[in-house]
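One protein chain, two forms: both are listed below as structure tokens, the first as structure 1 and the second as structure 2.
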Structure 1
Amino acid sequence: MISLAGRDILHHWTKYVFTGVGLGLLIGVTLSMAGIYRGMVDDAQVLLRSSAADIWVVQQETLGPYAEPSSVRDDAYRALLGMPGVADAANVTYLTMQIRQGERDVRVMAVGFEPGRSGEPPFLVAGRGVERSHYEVVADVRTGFRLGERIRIRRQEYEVVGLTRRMVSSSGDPMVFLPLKDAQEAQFLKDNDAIVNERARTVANPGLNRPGVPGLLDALLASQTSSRSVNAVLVKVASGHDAERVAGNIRRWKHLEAYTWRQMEDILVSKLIETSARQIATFLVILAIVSAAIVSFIIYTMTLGKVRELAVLKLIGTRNRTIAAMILQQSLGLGLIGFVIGKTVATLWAPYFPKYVLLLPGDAVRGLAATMVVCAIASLVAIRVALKVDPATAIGG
């Protein structure tokens, strides 16, 4: 037996390809939509992966450091290091800010980390890591910074010594990694004018600027400009210890909040991007319905155009099953063409999206399955029409 559907598709291949392109673009949009969702989840998880921590220790009663502001004393890590099960504890700061680059402002998330500890960029695409304890940064390539470029963050100039990629905040801002002390300064220090004004205010306060107590004013001024806070402490759990239990200990004894990887992922993925995810899911459903409607309509019109042939086929003894299979195969073939085109265009245009679009092979497989199911369902109306064709109509009326 020959494949009637295959012959039909080959015979009308231009029609199928053009219809397939239309459908394909629609499927491409659907896949991109899913890719955008995956990209958002991945953006959220990038934060976790780049942190390379088992436990995030943040200010008590906060969901920090990503979903809420959090502030922890920067010597808290010493206390944590002394706890059982803690292999390493490293301070980090996160600050979303704008950095000027020539004419444009680049919105970045400045990550303060201690070189050689948790929180440093896990891989580089160019250059080297931060080796000096000051004034060097590693930037995500999406910032547009180049190796050797000097950028200004608040009061200091920094040299870009390394580039990494796919290091973004949960809202998609590229990261800039800088030494912790610089980051603390950038985060908690004010600009020069603010410092001078603050200093003048203190000097003018007779209670603080007391003539009989030399040195008091200097000490006060110095204490105003030193920063001793970080946003979180990244803890690595020693092997053989349960992260959950270590986190519990920290919560209980240190008056700090501690989140394990799973909890943090939950915060980032479910809390931060929940609404966007639902938005996209709604859109996906609509797209699926539109695709189904289009396939259904196309297959239906194609079948209507073949009523005479179908009558002949029936007259010469073709079984209903064969005819239904033919229409189903045509529909699936159309879906397959559309899917291949859709997947291709989605892959081709994905890099041009301003935010990350992650096309997972698993999603492609799911998309293919969904396309096939939708096409199969869409062919039902056409099959019904085909089966109702009266073979008698082939014989002149």
Structure 2
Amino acid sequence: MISLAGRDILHHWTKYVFTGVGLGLLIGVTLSMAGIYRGMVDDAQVLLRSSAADIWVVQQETLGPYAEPSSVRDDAYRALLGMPGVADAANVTYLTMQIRQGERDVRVMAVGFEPGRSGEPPFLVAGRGVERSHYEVVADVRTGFRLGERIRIRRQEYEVVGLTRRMVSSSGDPMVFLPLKDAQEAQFLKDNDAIVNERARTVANPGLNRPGVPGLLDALLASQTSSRSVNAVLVKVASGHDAERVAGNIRRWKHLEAYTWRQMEDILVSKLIETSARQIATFLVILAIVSAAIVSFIIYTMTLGKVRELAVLKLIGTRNRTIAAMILQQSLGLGLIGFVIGKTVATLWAPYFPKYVLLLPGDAVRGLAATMVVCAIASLVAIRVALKVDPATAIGG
């Protein structure tokens, strides 16, 4: 059979190609939106993997430390170490903040950890790990910090001694790892003016400043300049023990909330990024409708432009099935060109997005199938018009 669709495309190739480019850009945006969602899920999983924990112990009745604020006493880990099935327990803090670098602000998640324990960066791409107990940090390369650079976090200056990669928060902010004591000070300790005012209030309070109780006032004042809280305790489960059972014992006996890996992943994916996922899904539906409208309009226009040619085909005995197949092939060809262009541009511009874009082969296959289905449905209007053409039109009837 003569390729009627191919001959018609060659005759109108300019319109066909430009329409394919426009459709390809829409498909590229669609694939990018799906990649953004995949990237958000991967960011959440990276956050969990970097913690190297089996159980997250947080403040009771909270979803912390990522979804909600959580405050736990920093000596709680000692009690957890004595529980059956607990191999290790380490304190950790998380604080999303702005760090000034020259003329720009860098939004980061500051992670306080204990070297050699859970919560430290799992690998480095340059430099060394934190070795001193104060004033050293390891930063993700996306922060833009360089080895040896000095950055200011709250009231103290820190030296960047190491760099890591793909260490991000659930919202995509790059991480900065610093010693636990420094992180506690940065997160929980008040500024100097607030401390002075609090001391004045404490001294003026007769219930706290009792002449007959020596040492009480000094102890209270000392407590105002130190912090004994962390956001979570990361627990590693001993070999041969069930994480669910260990977490249940922690909830029952230590009056703290404990989440296993699967539960924490569900919190991050189902609660933190649920709204964003719904927005992306809505946007994908809108893009699919717009793409179908574009394909339908251009195929319909091309069909109206060759009514006489279609009438001639009918006059010489061409079957309706052949005419319908020609229009369907044009529509599918337009979708295929658009998909190739869309996949190409999505791959090219993905690294320039501020958030991580993860383009999976499976999503590309599903995208191609969806494109073909949308184009096939969009061709139905043009097919209906073509089948109604009167053969008499070919001879001026």
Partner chain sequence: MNRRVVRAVGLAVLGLVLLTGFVLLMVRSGPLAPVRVTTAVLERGAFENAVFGIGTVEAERAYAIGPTSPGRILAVHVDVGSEVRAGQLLAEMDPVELDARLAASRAASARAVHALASAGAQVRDAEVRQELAARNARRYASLGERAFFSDAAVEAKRQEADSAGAQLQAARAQLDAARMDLQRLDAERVAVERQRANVRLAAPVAGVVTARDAEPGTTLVAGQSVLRMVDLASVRVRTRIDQGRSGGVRAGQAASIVLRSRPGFAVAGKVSRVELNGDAVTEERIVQVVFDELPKDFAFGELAEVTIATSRGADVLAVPGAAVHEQDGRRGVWTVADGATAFVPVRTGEASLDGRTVVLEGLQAGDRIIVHSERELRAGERVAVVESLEGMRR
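For the two forms, the rigid core is made up of the largest set of C-alpha atoms that agree within 1.5 Å on superposition. Quantities reported herein were computed from a predicted structural model and do not represent experimental measurements. Residue indices: 1-based, along structure 1.
**Q** Look at both copies of the chain and name the one that is the form predicted on its own.
**A** Answer to the question: structure 2 is the form predicted on its own, whereas structure 1 comes from elsewhere.
**Q** Please indicate which of I341, I273, A89, G85 marks the hinge of the motion between the two structures, where one rigid part turns against the other.
**A** Checking each of I341, I273, A89, G85, the hinge one is I273.
**Q** For this two-part rigid motion, what is the smaller part's turn angle between the two structures, in degrees?
**A** Rotation of the smaller rigid body relative to the larger: 13 degrees.
**Q** How many angstrom apart are the two C-alpha positions of I316 between the two structures, if you fit on the rigid core?
**A** After core superposition, the C-alpha of I316 moves 9.0 Å between the two structures.
**Q** If you line up the core, how far does the Cα of V307 move between the two structures, in Å?
**A** Taking the core as reference, the C-alpha of V307 is shifted 7.6 Å.
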